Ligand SMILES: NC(=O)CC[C@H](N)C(=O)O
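Here we start with a single chain on its own, the form predicted on its own, put down as structure tokens.
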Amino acid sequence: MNELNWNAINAGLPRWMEEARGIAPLGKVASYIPELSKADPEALGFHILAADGKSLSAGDCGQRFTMQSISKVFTLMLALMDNGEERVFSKVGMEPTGDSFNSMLKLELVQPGIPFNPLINAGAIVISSLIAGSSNEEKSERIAAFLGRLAGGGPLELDEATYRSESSSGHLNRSMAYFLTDNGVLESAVEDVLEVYFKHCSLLVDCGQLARMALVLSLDGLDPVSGERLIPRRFVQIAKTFMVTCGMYNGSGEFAIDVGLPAKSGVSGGILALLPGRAGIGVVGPSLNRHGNSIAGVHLLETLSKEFDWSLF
């Protein structure tokens, strides 16, 4: 993998951003969560942060958006830190599904009836139930503080409007949670677990914060400034593997071929991606492709990866 060529990235980025923005009308913003439908479909922001502190931003990088499914990577690691691998993976599997992120098809058809992986909705709901805390509030506060520390600051802020929108419209997620309860997989009260789940999906970030979180993962859990270990290396390794196999929903294989970087997307249009050992990337583009990934964001990452030979494969 070549070293980062900052001059070439800076020179080409305006053109590549415009090319990516040009295909945004081919996608659609998420509408099943009403609050997300208000996003500007033509917005596109990009930020890259290297291990040596160098960074570069472009477009709508200051725009804040909710983490949505990107948060699942981090709740997985926190659950592993709280419970260990054996307990976590007795509740969720390690395999991609090939189905959409909110499908519950295989919960019923494939035994033992646990979610295939922790990055689909059913799996992330189970992971939310494994976060340590004496109350829903304490669990949510721990998640916001953990993510905020990785982002380089205080606890991330909750977008109350999105949280309320998700909670009031989350009928399919409730169906999954009750099914998991009936299977004996989910042991906590459904509404308590969903409160924690909806809240971590509704935490606000910008591209710069997302890039810094990605950089911590690219450094195997080390703080890029202090060198302090924030996450055990083994748990980062697990998370990054899931990002490759499941991080871009049922478009993960296509993304691995076309881009070749560990990444996680969210239906708000965010994408967290990383160049192992070297840099973290944050992207936002609310217009989504058929898989639920930012159509402009994926195009931009594919262009950069091919231009600078970033693929791991």
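Remember, it's a predicted structure, so these values are computed and weren't measured experimentally. The first residue of the shown sequence is 1; numbering continues from there.
The same protein also has a form predicted together with this ligand, omitted here; what follows describes it.
Although the partner is absent here, residue 33 lies within 4.5 Å of this ligand in the predicted bound form, judged by heavy atoms. Though the partner is left out of this view, residue 266 does reach within 4.5 Å of this ligand in the predicted bound form, counting heavy atoms only.
Mapping the unseen interface onto this chain, residue 74 falls outside it, with no heavy atom inside 4.5 Å of this ligand in the predicted bound form.
Using a 4.5 Å cutoff between non-hydrogen atoms, residue 68 counts as a contact of this ligand in the predicted bound form.
Although this ligand is omitted here, in the predicted bound form none of 130, 188 and 195 has a heavy atom within 4.5 Å of it. Stretch-level contact analysis of 86-94, 197-205, 131-139, 236-244 against this ligand in the predicted bound form, using heavy atoms and a 4.5 Å limit, identifies 197-205. In the predicted bound form, just one residue of 229-262 lies within 4.5 Å of this ligand by at least one heavy atom: 249.
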